[in-house]
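Take a look at this single chain, the form predicted on its own, given in structure tokens.
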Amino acid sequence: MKRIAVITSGGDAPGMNAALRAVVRAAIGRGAEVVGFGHGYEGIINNEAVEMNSQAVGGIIDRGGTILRTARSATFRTIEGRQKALDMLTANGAEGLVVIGGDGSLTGALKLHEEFQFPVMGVPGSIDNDIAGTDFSIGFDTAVNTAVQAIDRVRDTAYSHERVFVIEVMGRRNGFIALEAGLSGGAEAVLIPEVPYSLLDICRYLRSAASKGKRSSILVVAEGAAKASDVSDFIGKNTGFETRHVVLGHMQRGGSPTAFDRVLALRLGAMATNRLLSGFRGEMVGVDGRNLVSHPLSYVLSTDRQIDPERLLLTEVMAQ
């Protein structure tokens, strides 16, 4: 294999550029060429090809987002669209493809592999950290740190004005960001989609805490569990406390990646490239503890990553 392609696809995540840098330079180190495509699978279909040499990825390790840009592709969801993508990859001389993205992007990679036997390798890039087969996905640590910085700042004003603040973080289908940010930010409660909760119980806790002298509190809510505005209104009406809400939104996707995400991206990007060039295919690379691992995409995409209940319990204990 002398020439491979690379895309960043789906939702952007801090560290994607570092992973792209690793793919390109690892390939060059093995004597292979790299062609990148802008805008993910849509860019392959539209032949948005760009030659990727060492200089093309210089100075990007600290940049958020993705220099290749990204997009969703309705066309690629059809067999005809995937056939066109395959034709464009072949026309550009690509003998394999590295896909940096989340579960939707990895699903596209698996389809290319299963339907056309085209060699693919996945790199988990998602702030949600909901991809099986890896302890961490690229961008998660940065997103959590962004949320914690916001929580720290909000706590200052919550204390000063003796208010309850409800902070909404990303996570439509899971609460990994909410749980990690709530735990490290000292939140009094964390609401996530995976675990049932009672706002009446939370109100009772807040009243009890206030009776013991606590005058301000922080609640962290994953967007898939509830709207921060609804939670704030409910608490205000049922406790009489002054409440406010903050929605962090897409600011969690941006910003310079943390050192952890940069190193993770470099390790995973390089491993994915080396495995692809060594003849492996249909896999996703990941990290298990300190060790790099690789799993079949079919396994990764058929397995749900579960919340650690002990971390949620620890949040409750620390709120006492």
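This one's a predicted model, so the numbers in the text were calculated from it and none came from an experiment. The numbering used is simple: start at 1 and walk along the sequence shown.
In what follows, reference is made to the form predicted in complex with a small molecule, a form of this protein that is not presented.
A.B. asks: Name the residue from 170, 112, 228, 164 that puts a heavy atom within 4.5 Å of the small molecule in the predicted complex.
C.D. replies: Comparing distances to the small molecule in the predicted complex, the residue within 4.5 Å is 170.
A.B. asks: Of 215, 72, 153, 204, which one comes within 4.5 Å of the small molecule in the predicted complex, counting heavy atoms only?
C.D. replies: Residue within 4.5 Å of the partner: 72.
A.B. asks: Of 178-186, 83-91, 122-130, 145-153, which is the one stretch near the small molecule in the predicted complex, taking non-hydrogen atoms within 4.5 angstroms as near?
C.D. replies: Heavy atoms within 4.5 Å of the small molecule in the predicted complex occur in 122-130.
A.B. asks: Although the partner isn't part of this model, could you tell me whether residue 141 comes within 4.5 Å of the small molecule in the predicted complex, counting any heavy atom of the residue?
C.D. replies: Residue 141: no contact with the small molecule in the predicted complex.
A.B. asks: Mark residue 223 yes when one of its heavy atoms lies within 4.5 Å of a heavy atom of the small molecule in the predicted complex, and no otherwise.
C.D. replies: Output for residue 223 is yes: heavy atoms within 4.5 Å of the small molecule.
A.B. asks: Check whether residue 253 has any heavy atom within 4.5 Å of a heavy atom of the small molecule in the predicted complex, and answer yes or no.
C.D. replies: Judged by the heavy-atom cut-off of 4.5 Å, residue 253 is in contact with the small molecule in the predicted complex.
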